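Each of two forms of one protein chain follows alone as structure tokens, named structure 1 and structure 2.
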Structure 1
Amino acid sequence: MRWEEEEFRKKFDVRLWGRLGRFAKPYTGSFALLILVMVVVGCVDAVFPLFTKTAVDQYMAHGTTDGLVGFALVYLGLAAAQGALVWFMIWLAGGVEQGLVHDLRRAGFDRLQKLSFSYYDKTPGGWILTRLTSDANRLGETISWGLVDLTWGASLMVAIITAMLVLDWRLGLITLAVVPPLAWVSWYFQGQMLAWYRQVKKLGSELSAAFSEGIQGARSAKVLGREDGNGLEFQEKAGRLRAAAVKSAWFSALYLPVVLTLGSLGTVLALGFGTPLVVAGTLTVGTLVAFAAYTVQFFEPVRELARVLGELQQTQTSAERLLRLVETEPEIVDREGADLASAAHTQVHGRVTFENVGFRYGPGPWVLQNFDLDVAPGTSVALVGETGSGKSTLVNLLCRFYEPTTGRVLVDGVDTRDRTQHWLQSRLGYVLQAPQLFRGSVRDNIRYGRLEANDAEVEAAADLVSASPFIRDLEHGFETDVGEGGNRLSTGQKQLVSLARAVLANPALFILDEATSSVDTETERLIQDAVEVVLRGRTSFLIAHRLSTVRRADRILLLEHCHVVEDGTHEQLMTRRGRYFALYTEQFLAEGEKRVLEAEA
């Protein structure tokens, strides 16, 4: 299914920001203190032009210096207090910002742990990464510093308007005549900037997904000679992003000069109407100077408010995207009371039953229909068949990574949906075809199967699967760093570490998905011997294309078109000379021919 970035077209959405309130709630005290500090800072800023008025009217106009020292000391004291308040505000807002970013990322990561496999089937990794990095950063920055600027701007504007109307209400109303057109200009430009910024974020997310795919598929691209083609596709995506970013920047760049022009017009009005009043003697020079200062000062918070409102609209895109992730509900949820039922049944005997199970991925074709299977405890079951026959689907349903569309899956006679996901999956051991290791030591990767395990238990698990010999030959033994994704180990070594990790968890049910498909013959034999030891007494399902790896299984199920067409031991199926016999013979001859050619080479 082709994935495309979702579109967001809403204008400023108050309810959306209300939904973000739960992340801001822990910082209510800090926000209240920030608001108080910024109100004081805004009011103090509005006082400084009054000091200028006093200096002009009282000292300059009368040519006296009486009381000037005291005046200067008060001014310096106020400036020092303002500096201290600003320092405190920066420290407090910075702490709130980092706290919010941390909480948003934690919420996103926690949600990712709960989402069903179907979410990852249709969502690119680059999309997710963008939400938890740039979107979370922008939200934390805008909420914390946006509150600072909004409070300061609003307080300063109210204080300036009050001061101007008190000094001369007529000149104050004339000067404020530019506010309505400024409001309209701000509304228009912010709408345009929001639309283009949403487009930029959408295309940026698509580009991040392309980056991620390009990095993961670098080897395949080189092998297939697709470097130039990939470069052209990437260039096309990057070009669309650049064009949208330029358009967004164009509106942002045009908006500020318009605001500055209107602000200058306010100064012109103050000087134009105020100068005749000074000449007529009805207005002091100091008052006119204060008005001129106020007109310049007034449009600074106006610009800041407009900028913050613009950023809020731009950040709304990040909020929409991150909340879409955080609020996504998993398709598979535990039933009410399942936790209590699970707590009462800790032991798993291992009987697995599929009752009339049908399954399909979304609206797609049926992968399984009317499927029935009963597996006795301690039985090893091998699933073989062509690609798409339903092998992986069966084990995914057993693990409850997906749920049946019809019918039910039972463990020890109980529907898996009547237990919690944690109860079931903590009793499973799953070894993947492509083993996934994490950056860290070999010991840490094995311990990932049971975090409370001590060093002796980790080494015992490695001994059980015959991984200890190669581990002890590594430079630092069990403390050797495996590298990113385990890239410092061979595929067979990674598989043995994965097997040891699964064994350490001591699962009642074991799944091996093509565990030997990518290893050499010698390593395959080593893994098979380890698997035989591990699976003893456990119910297990083995998915394999190499039929030589399933000969020791208690039951072999040959699947075709979502149905079991043959069921029995290796010897029974070979005796029947049916479909399994034909597949096994064909593979045996092909592998024998390959060995002969390799020996001759």
Structure 2
Amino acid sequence: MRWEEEEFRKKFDVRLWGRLGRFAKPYTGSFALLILVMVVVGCVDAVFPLFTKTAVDQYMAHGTTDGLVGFALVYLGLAAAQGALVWFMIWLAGGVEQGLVHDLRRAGFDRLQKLSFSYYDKTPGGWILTRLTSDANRLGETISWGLVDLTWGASLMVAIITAMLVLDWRLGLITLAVVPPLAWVSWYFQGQMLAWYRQVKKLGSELSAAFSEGIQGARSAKVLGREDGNGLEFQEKAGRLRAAAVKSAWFSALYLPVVLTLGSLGTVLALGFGTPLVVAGTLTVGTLVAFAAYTVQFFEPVRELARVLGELQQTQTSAERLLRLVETEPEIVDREGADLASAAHTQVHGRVTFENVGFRYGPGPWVLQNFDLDVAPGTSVALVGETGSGKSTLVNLLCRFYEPTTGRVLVDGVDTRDRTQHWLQSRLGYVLQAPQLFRGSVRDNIRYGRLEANDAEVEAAADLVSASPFIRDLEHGFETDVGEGGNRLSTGQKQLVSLARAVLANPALFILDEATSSVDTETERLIQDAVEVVLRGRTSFLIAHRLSTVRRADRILLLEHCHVVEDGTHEQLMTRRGRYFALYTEQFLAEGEKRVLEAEA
């Protein structure tokens, strides 16, 4: 919510809109055409009262109907042409709107793919989502339809003013005296209406957030005796929402009567000063009728202009936020020349070295300091330690999801920053605790590891990690749709699929970060066996909660407060009878106890 409460800028920011220019550029032709069409539509709108004038002055005043059919046909033709133009304009502007929204989303999305992990630490997901949905929509809408309304309103106003002054400049000047107050009132009311409308929307979303919090937290609030406190907070929000809604309704209700009254003042002026002129014979009846029509017609473009300008000001906030996303530079970028070095360095042996590494997440406290580690090619390393001891941080640095603040991380003796991110990441297999699957079939999800792999290779990878039995049991086997984010599969199944994907990629380095901590013991055993096969001969980092999973690793590192406190094989660490021994026996006993209890039950 806090992120939403940014104030609207008051001033029109030319440079900001200039930065949006690159998004408008592909539509320059459409924009030009739209402007042309709207100028024509605006001018034609102003011509219709002149037809009335002609009918009155030429036919009624002279008591003749000669050529009336032709006159009517011209009128009809013009109205039809106007209709066709409006249809064309709506079609064109709709296309531009959709195109713009699409391009803005695309740009935002592409940027999100490039941004480093650190960006996601700082930016709430909800904020990003709003940029790509409502801000992109609002911008596309305002730019395309705003342009249409602005051009139409401005040209209709200019046309009406011109027509009035040409018909009778004195009467024109008198009648137009209501325009400045009309414009000011419209501007004021539109501004108030928009501001209150937005306020209502903002408070509304705050209230639904409070609602859902209240629903989810009802139970714990009860337990903690916080029901009353939550109720007060809710009541306060609901009260503010009601007040804002009343205010908004008040302005909306008042606007039309005020503007209409002001508009009739124009009509009164026209008739009041025009009628004597007609009586004196210096003004035709038709002209007076046209004037009366213009005074009524005038208020529409004034209202539109006020609305569009008000909206433009508010859209500026959307523009600013969306541009902030689109123009964020990733913190991790490839160095110059890294692409050439990477292209030449194809064979990776898998030596991993941390050299005097210091690291902190952004401005936070130091997580690692003077950290050294050397892992020989082909070694399987298990990282164990309590939550927060730095296991994930180590592998994040190895993957270059973050860069060390000081010191170096080396693969095969070269600084990973001297290679491209793609080089490193295409040589890394990474299986996370919460595996990411994509919409599509199981087969496609596995193939994502190496897009050029054929069906046989995909199935071989699944076999290797013992995923095949469960996959063949699915409704359509390998062709089964895994659903949004893979949610039609269980976590264990998702992990097997992502393991198969990693195997297919055949990486030199393998990382499993708590890949088995949320699956049942049986699946864990499956995965464990699979992992053994997969890791053979590769450098691997294995992070697991259950120590039984890691005992076969070549090297076990016990981390405490981001320092390696014990380092050796399972047997070595067990004979040392230190921290690892204590942890292991503790877990072993606890699990044994659980087994006994389960057996009894």
Ligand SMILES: Nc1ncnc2c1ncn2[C@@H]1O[C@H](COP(=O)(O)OP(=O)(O)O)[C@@H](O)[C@H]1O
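Along the sequence of structure 1, residues get numbers from 1 upward. Whichever C-alpha set is largest while still superposing within 1.5 Å between the two forms counts as the rigid core. Model, not experiment: these values are computed from the prediction.
Chemist: Looking at the two shown chains, say which is the form predicted in complex with this ligand.
Modeler: The chain shown as structure 2 is the form predicted in complex with this ligand.
Chemist: Rigid core aligned, does the Cα position of residue 370 differ by 2 Å or more between structures 1 and 2?
Modeler: For residue 370, whose C-alpha is compared between structures 1 and 2 after core superposition, the shift is less than 2 Å.
Chemist: With the core lined up, does the C-alpha of residue 102 move 2 Å or more between structures 1 and 2?
Modeler: Superposed on the core, residue 102 moves its C-alpha less than 2 Å between structures 1 and 2.
Chemist: Compare the position of the CA of residue 292 between structures 1 and 2 after a rigid core fit and state whether the shift reaches 2 Å.
Modeler: False for residue 292: its C-alpha shift is below 2 Å.
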